[in-house]
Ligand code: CP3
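Given as structure tokens, the chain that follows is alone and in the form predicted alone.
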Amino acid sequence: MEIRAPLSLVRPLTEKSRFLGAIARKPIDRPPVWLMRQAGRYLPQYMEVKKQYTFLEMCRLPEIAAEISIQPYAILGVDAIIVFNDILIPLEQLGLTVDFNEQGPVVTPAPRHERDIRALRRRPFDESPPVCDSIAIIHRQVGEHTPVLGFAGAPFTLACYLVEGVTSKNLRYIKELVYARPDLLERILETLTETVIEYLRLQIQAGADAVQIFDTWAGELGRTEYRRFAMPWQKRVIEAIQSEGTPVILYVKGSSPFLEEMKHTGASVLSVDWRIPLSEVTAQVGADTVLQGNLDPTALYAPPDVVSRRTRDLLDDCGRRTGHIFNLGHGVLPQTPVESVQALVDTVKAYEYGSL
């Protein structure tokens, strides 16, 4: 009979060993916690930096991006640091211009016609992009025991921004390709997939301990279209990266109809939005699937005591003793009270799995 020592008598876990332990479904003391958009406009410290630089400057200046990335780690005590960057920056490797205004991102010229789409060419990265220097700086400043995450947009989501040119409510132009010229859309996805793979590999070489793929717009597809224009391209990226030993977290907003498809990609972790309880997600994809999520970001507008209660309820409902990374179902929203975010982090860190 094997006798296991209580976790309280075992050497405390580092943040990295807890994070990677959750992914590997090893015994850990509690779920690790980090938040999408944990570095951003709700933090006064971020707003002070933002007064001095444009958004793109903050992404492209490694020392500044590293400072912003570390802020929530230093202020809130989250267990992982995701590098400050934007998913659209790799589109510049296709000869496009990425900019930001008050309404959001702008990609020019937006290739919507066959001639322009066929003219798209991927340019390999001649040198490491600034995000790689940011990751290296973060590691130097926080040490080797804190996990640092890289990320990229999934091919379909990048295709949406590329074709639409701006943030769109109905995705008119990309949907025209979906239904009228799927061959052209697949040509775009092929180019973007190779770009994403190279971009993530460079981040891993710079020191990223894991990477997340954001497929924010894939949830706007029907199941048939998802299986053609989202899932296969996610899978190609994931297989390429995980074959080299780095875990990949796959996030899809509007994930509920596509849980089986997400699992089929082979991602190390499925990050799901807030629309379905994690206990139901487990029932669909199995207890062997590692999950991330999934508190509704708007819940953080509630007072800290309410946030703490909802956080504990979510952890109890999840019903796991490992294989769960606590996160939101999407990113932290502007004007979110810092006190409520702190209550979430503190509650997760106080949650004990007990002996396994």
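Note that residue numbering begins at 1 and tracks the sequence as displayed. None of these values were measured; they are calculated from a predicted model.
Quick note: we don't show the form predicted in complex with the ligand, though the next part is all about it.
Please pick, from Pro257, Pro232, Pro105, Pro130, the one residue with any non-hydrogen atom lying within 4.5 angstroms of the ligand in the model of the complex. Flagged contact: Pro105.
Which one, Leu189, Ile249, Leu88, Val163, lies within 4.5 Å of the ligand in the model of the complex by heavy atoms? Contact residue from the list: Leu88.
Are all three residues Gly40, Ile82 and Phe151 in contact with the ligand in the model of the complex, where contact means a non-hydrogen atom within 4.5 Å? Yes: each residue has a heavy atom within 4.5 Å of the partner.
Contact label in the model of the complex: Arg321 to the ligand, heavy atom within 4.5 Å: Judged by the heavy-atom cut-off of 4.5 Å, Arg321 is well away from the ligand in the model of the complex.
Contact of Tyr301 with the ligand in the model of the complex (heavy atom, 4.5 Å): Contact check for Tyr301: no, nothing within 4.5 Å of the ligand in the model of the complex.
Look up in the model of the complex whether Ile70 has a non-hydrogen atom within 4.5 angstroms of the ligand, and give yes or no. So Ile70 does not count as contacting the ligand.
Evaluate Arg60 for contact with the ligand in the model of the complex, applying a 4.5 angstroms cut-off between non-hydrogen atoms, and reply yes or no. Contact with the ligand, no.
If contact means a heavy atom within 4.5 Å, which one of 48 to 56, 291 to 299, 22 to 30, 304 to 312 is the stretch that engages the ligand in the model of the complex? Residues of 48 to 56 come within 4.5 Å of the partner.
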